[in-house]
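One chain comes next, on its own, written out as structure tokens in the form predicted alone.
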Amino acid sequence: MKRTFMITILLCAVLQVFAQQKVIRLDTKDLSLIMTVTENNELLFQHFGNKITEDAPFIKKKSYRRADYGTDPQMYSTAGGRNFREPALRITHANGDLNTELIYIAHQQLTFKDKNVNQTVVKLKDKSNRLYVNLIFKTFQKENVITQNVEIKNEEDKEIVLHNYYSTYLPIKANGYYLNSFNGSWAREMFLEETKLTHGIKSIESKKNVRTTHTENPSFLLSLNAPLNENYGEVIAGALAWSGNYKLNFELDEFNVLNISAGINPYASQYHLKPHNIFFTPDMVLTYSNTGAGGASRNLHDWARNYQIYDPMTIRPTLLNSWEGAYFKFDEKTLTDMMDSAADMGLEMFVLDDGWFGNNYPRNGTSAGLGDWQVNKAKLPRGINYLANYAVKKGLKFGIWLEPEMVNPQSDIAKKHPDWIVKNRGGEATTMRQQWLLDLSNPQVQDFVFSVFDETMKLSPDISYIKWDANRHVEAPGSTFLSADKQSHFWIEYVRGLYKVYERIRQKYPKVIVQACSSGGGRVEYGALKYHQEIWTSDNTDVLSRVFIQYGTNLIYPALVSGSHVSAVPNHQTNLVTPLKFRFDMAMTGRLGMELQPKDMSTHDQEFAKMAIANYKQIRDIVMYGDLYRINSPYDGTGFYSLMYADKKKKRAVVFGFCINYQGRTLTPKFRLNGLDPNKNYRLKELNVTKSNFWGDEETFSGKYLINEGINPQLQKVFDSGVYSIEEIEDGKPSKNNEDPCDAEGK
């Protein structure tokens, strides 16, 4: 009887503990992120991966970790208590306390009007201080994406100092971890490399604040248990939506738990948060796939097109950009002749690049005029409106280049406002690319940068595109606007200032297309894409370089935003000579453009360009909005690069294949077209040729054949390439006429 009584008491005690514990789950169609609240009100991480609908096992789940080895995996780790790993949050409190221990208070879950999006707010409080932290999660059901950011509120008597303030913390448990991240430099951005993580911390970071994605990118693909595979295996992918300094940490601890923390880089950026103020971190975007890198990419692409990229449904027009065709040496006739050629070839826009402004300090090179945004009267006596009107009369849209965040020392604006320049306090401003950087933490500078955009748009009602460049990063930082004790705020306030300008621009000019160009690939991230329709992936237009640059870019960012141009040969960056067809076929895998002097093209090449541009318009909607299936990676050693875009209903697709190494007489590719429907029949037609180099001009195949056996085009010589349009056949006829669904107005 006594034993039964004791068992009953123990059982009641256990049930009471279970009753006190809570499970907080975030679910999408196929994904779950699960947290639990312990009897001590600790918020612990439990699961991120395939969807799990059971709660009870997570309540009963036993921890074998000894207390002196540190806390169980926290959902948002802090400096203090028993946490010995890199903290997501580190604070010096108003009373000097260095410890922060967060406990659970409550959580709220709601569904937006868009039933596809749910929000969960988990409210936490420090045990000893009046510090409040809200973890804010949004789940995107169909896209299998979860975003997280954090609100930090100071209710203490005096200001507190934030040292670490990451957007997310994710402890992952697997048998092995293979980190795929991106590296490079100017003209070789987004090169992929894989690292098997060992114990300790691997960090990806930028301290440049502008051009912050040139050498690294705030994104990753983490393959669990085995190296990254396109179609198989578990993959976690993440990307930070922030246009300044960032840091992503991957810390493998003694328990073989990989602790991922990501957000604003704490480097030289301690932030003084006043009482009753809130600090907001940027969004970290996360997804999970059990179908390899391909599934993770498609999740991110769908989310980006549906929720992050500015104005996603406006078609990105084909264009001719003046830069490599004219550089700074042009007059009106140079430009109008280029417009004539662009219209003749079927392009839809002409973009006037650098060199159109400056009078006291004419912009005839990179050393002068930047910041003086008046039309250069010597070059363009009839102004921008004349050129824009000329373009419109030729059936083209008109775009123009700006670099509003920087100035040359040799400019009127730099001499008038030396207090606007970023420089070491008490020191001299440093030049890079013969430029100075304006201090966007200063509201007066924000007004100036907005006015540059605004006044440029007023030059002509026919301007519909702005190429926004930013050609240097931050060095020797310092702000004359910020007080001496707030200099560490500069890194954050610069980006906030930039976003304030963007907001004003988008409020006044919601329809203008604005490309994010920062020496090419310096702003390839989702923070900028909230305001931009597209990015310039690299200043390197060499087609072989672009194989790797665009492959890496499109692992995270969709083709919808990827500007990709056909340029002259020998290429101006690499001196490589490649066939025009190879250059066009590659440029068609993104937003097609041209960057050369058309008058230097032969009649034959101009006729080919006209054909290729017309073909691109037939398949553009699939490239922009279709699902990406990578068939061969340029890194896999086969010497081939191939990819396919398929529409959501798998009725239409387009395949691109490239030979990037000599194959000899014996080797041909085998492109298995995973992503089609095995129960459909398809017609395949080769584009950008007068006569097909494949089996015939048009061939029909079952989906099962194309998926399991694939196609074997004769791509054996280096720089051989092929583009293949695929359509479902219903009752012996293609299911849809291939016509560009968007007219010249981009509607």
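From 1 onward, residues are counted along the sequence shown. Treat the numbers as computed from the prediction; the structure is a model and nothing was measured.
What follows is about the form predicted in complex with a small molecule, which we do not show.
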Only one of 420-428, 516-524, 221-229, 299-307 gets a heavy atom within 4.5 Å of the small molecule in the predicted bound form; which is it?
-> 516-524
Sole residue of 86, 126, 539, 585 within 4.5 Å of the small molecule in the predicted bound form, by heavy atom = 539
Quick one: of 288, 401, 137, 616, which gets a non-hydrogen atom within 4.5 angstroms of the small molecule in the predicted bound form?
-> 401
Decide yes or no: are 354, 433 and 469 jointly within 4.5 Å of the small molecule in the predicted bound form, with each residue judged by its heavy atoms?
-> yes
Does the 4.5 Å heavy atom contact test between residue 323 and the small molecule in the predicted bound form come out positive?
-> yes
